[in-house]
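One chain is shown next in C-alpha cells, namely the form predicted on its own.
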Amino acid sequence: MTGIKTMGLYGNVERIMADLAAVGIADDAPLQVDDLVPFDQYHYHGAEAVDVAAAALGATTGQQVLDVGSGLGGPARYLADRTGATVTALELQPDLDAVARSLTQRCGLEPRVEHVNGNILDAELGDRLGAGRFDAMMSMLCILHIPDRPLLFERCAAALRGEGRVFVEDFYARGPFTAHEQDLLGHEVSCPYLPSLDAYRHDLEAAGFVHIVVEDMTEDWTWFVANRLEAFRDRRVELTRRYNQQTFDSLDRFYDAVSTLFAGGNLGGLRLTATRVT
C-alpha cells in the first residue's frame, strides 16, 4: 500500500469534492452518473473507453461484472448505469473505496454497484467474491501495479463462470527501460514490473484464457498523456486554488512522468480481450 501512495494520482482522493463544488454541486447533493464522468475516470478517454469495454464484454441487464482496481468507482457506476449490469467494484485502497461508496450512494446505485475493499491476490477475498460468480471482468489501467501476473490471472479466471470475458487496458514493455525510466515507473507510477506483449499473452494462456485479441494503444495514449499534461499546466492557477499546492504539484509530477515514459518509446499501451476456457 505504501508504494502505490507515492503516485500523485492517488493522493488527496477527496479532491473530487472540490471538482464537484467547482461546478456548483454541494457535498451532500444527490448525483447523476453524468455529473461525475468528468472527474471519476482515472483511465484514458474516460467514459468513451468504458463504452468500448461494455461492447467488448457484451454487458447487459442480469450480468455480473467484476471491475478489478475500480478506483473512485467511475467505470463501475457508468457501466451499471448504461448497461443495466450489476458490477462489483474491487479496490485495494481504503480511501478510494470509501469515497467511491459515498459517490455510488449519492447516485442511488447501491443495488447495482457493490463496493469491495481488498486485494484480488488474497485467497480470502476469492472466497468472499465467490468462485465462478462473474460473467465478465474489466480492469482499466490497474494491472500495471500488480507484478505477480500468474497469480493475478489465476484469480481472475477463478472468479469467472463459463466462457467469461475479460477486457483490460494496461501498460506493457516495448523495449528495455533506462535507469531513469525504471525510477519513474517505480516511484511515480508504482509499476514494479511490465511484461512484453509475448509474456503478457503467455501468462493469460497459462491461466486458461483463449481468443486473446490485443489492440496496441501506444500512439493514441502517447498523444493523450502529452495533451493531458499540457491542459493540466494551463490550469495551474485555477487548480492550485481548487485543491492546494501540494496536490497540484504531486499530480503534475505524475502526469509529467507518464508523458515522459510514453515519449521515450519503451512504454507501450494495450487494450485486450480474452475468453476463459470452460
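Numbering starts at 1 and runs along the sequence shown. Everything numeric in this text was worked out from a predicted model, so none of it was measured.
This next part talks about the form predicted together with a small molecule, which is not shown.
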Which one of these stretches, 194-202, 129-137, 105-113, 89-97, sits within 4.5 Å of the small molecule in the model of the complex when only heavy atoms are counted? 89-97
Heavy atom within 4.5 Å of the small molecule in the model of the complex - the one residue of Cys156, Ala85, Cys142, Leu184 that qualifies: Cys142
Looking at Ile146, Val168, Leu160, Ala80, which has any heavy atom no more than 4.5 Å from the small molecule in the model of the complex? Ile146
How about Gly208: is it within 4.5 Å of the small molecule in the model of the complex, going by heavy atoms? no
Taking 4.5 angstroms as the cut-off for heavy atoms, does Asn119 touch the small molecule in the model of the complex? yes
Is Met17 a contact residue for the small molecule in the model of the complex, using a 4.5 Å heavy atom cut-off? no
Would you classify Gly164 as touching the small molecule in the model of the complex, given a 4.5 Å non-hydrogen atom cut-off? no
